[in-house]
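Just one chain follows, in the form predicted alone, and it is written as C-alpha cells.
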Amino acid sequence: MANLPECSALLLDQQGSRLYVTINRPEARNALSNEVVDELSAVIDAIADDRGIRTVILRGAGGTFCAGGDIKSFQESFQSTAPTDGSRDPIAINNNRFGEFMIKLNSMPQTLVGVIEGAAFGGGLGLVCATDIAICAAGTKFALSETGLGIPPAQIAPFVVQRVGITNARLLALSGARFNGPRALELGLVHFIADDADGLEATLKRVLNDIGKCAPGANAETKRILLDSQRKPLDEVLADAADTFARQLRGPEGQAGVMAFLQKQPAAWVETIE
C-alpha cells in the first residue's frame, strides 16, 4: 500500500493499483478550498515515484464533482488590504499557487481519470481539463463561470485552451454559458457520457480495465512525451522519445511485454476488475 498523507477534505481509498480520491466537502458542493488544493497536492507528491499506483480516480462526494472556487475565500481576499509598497499582491501569490498545483495535477505520472457528475464550474472545470480521461453523467452542468463574478479564469485558462482549443475556450470563457454532458463530449472536454449512475460506474469499470492492460512505467513515460510535445521543440521531443523507447524496450516492462505477446499470454501487470 502507498504511504498516503492524512486528509480531512479528501477521502482516499486504494484498491490494488487504483487510488480513488474523493473531494469530500458536499456541504460546499466540493468547492476548492485551500485545504482541498493542499491535500490534493500532498497526495500527488506522495505517489509521484510509486508505480504501484497506476491510476488515480478523482470525483466528488454527494453527487457533485466540484462547484469551483470557494467564494467565501474570494470575499475575504478582496476585503484585505492591498499592498502599497510595490510588493506583489497576496491575492496574486495565492492565485498563482493554484496554477502551480494545476501544473502538478496535469503532469502527474499516473493516469488521472475524472468521474464528473452534478456540476463542474470554474475551477472544477479546470480540474476536468487536467484529467487524462473524463467520464461524465449526461446531466452534469458545466460552466467557465469566473467572468460572471467579475474575474478572469486566470490559472485554468491555459489548461482549457489545451483541452478544447482556443476557439472553444473563447466561447466558454467569454460567455460563461452553462452546458451539459453531451455538449462537453462534443467540445472534447470529456470522453464518455453515461445516462445514469449505473452507466457511469460501468463506463468507469471499462476504462479502468483498459488502463489495467497497460504497463505502468510505459504509461508514465508516454504521458510525459505527450505533454512534452506541447511545450518543447519537436526534434528535442523525438530525440528524447527515442531514448525513452530504447530504455523501456531493454527494461523489464518491454522484455516482459514482448515475451507475453509472443507467448499469447497476458503480461504480468494486467489488472482486471471483475
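Values in this document were obtained by computation on a predicted structure and should not be read as measured data. In case it trips you up, residue 1 is the first one in the sequence shown, and so on.
Beyond what is shown, the protein has a form predicted in complex with a further copy of the same chain; the following relates to that form.
Trainee: Of 36-44, 233-241, 58-66, 22-30, which is the one stretch near a further copy of the same chain in the model of the complex, taking non-hydrogen atoms within 4.5 angstroms as near?
Mentor: Within 4.5 Å of the partner lies stretch 233-241.
Trainee: So, in the model of the complex, is A194 in contact with a further copy of the same chain at a 4.5 angstroms heavy atom limit?
Mentor: Looking in the model of the complex, residue contacts with a further copy of the same chain do not include A194, since no heavy atom lies within 4.5 Å.
Trainee: In the model of the complex, does D89 come within 4.5 Å of a further copy of the same chain, counting heavy atoms only?
Mentor: Contact with a further copy of the same chain, yes.
Trainee: L11 versus a further copy of the same chain, in the model of the complex: is there a non-hydrogen atom within 4.5 Å?
Mentor: Result no; L11 lies far from a further copy of the same chain in the model of the complex.
Trainee: Do I53 and a further copy of the same chain come within 4.5 Å of each other in the model of the complex, heavy atoms counted?
Mentor: I53 lies outside the contact set for a further copy of the same chain.
Trainee: In the model of the complex, do I71, N95 and I211 all put a heavy atom within 4.5 Å of a further copy of the same chain?
Mentor: Every listed residue reaches a further copy of the same chain in the model of the complex, so yes.
Trainee: Taking heavy atoms and a 4.5 Å limit, what residues of 170-185 are near a further copy of the same chain in the model of the complex?
Mentor: Stretch hits, in order: R170, L171, A173, L174, S175, G176, A177, R183.
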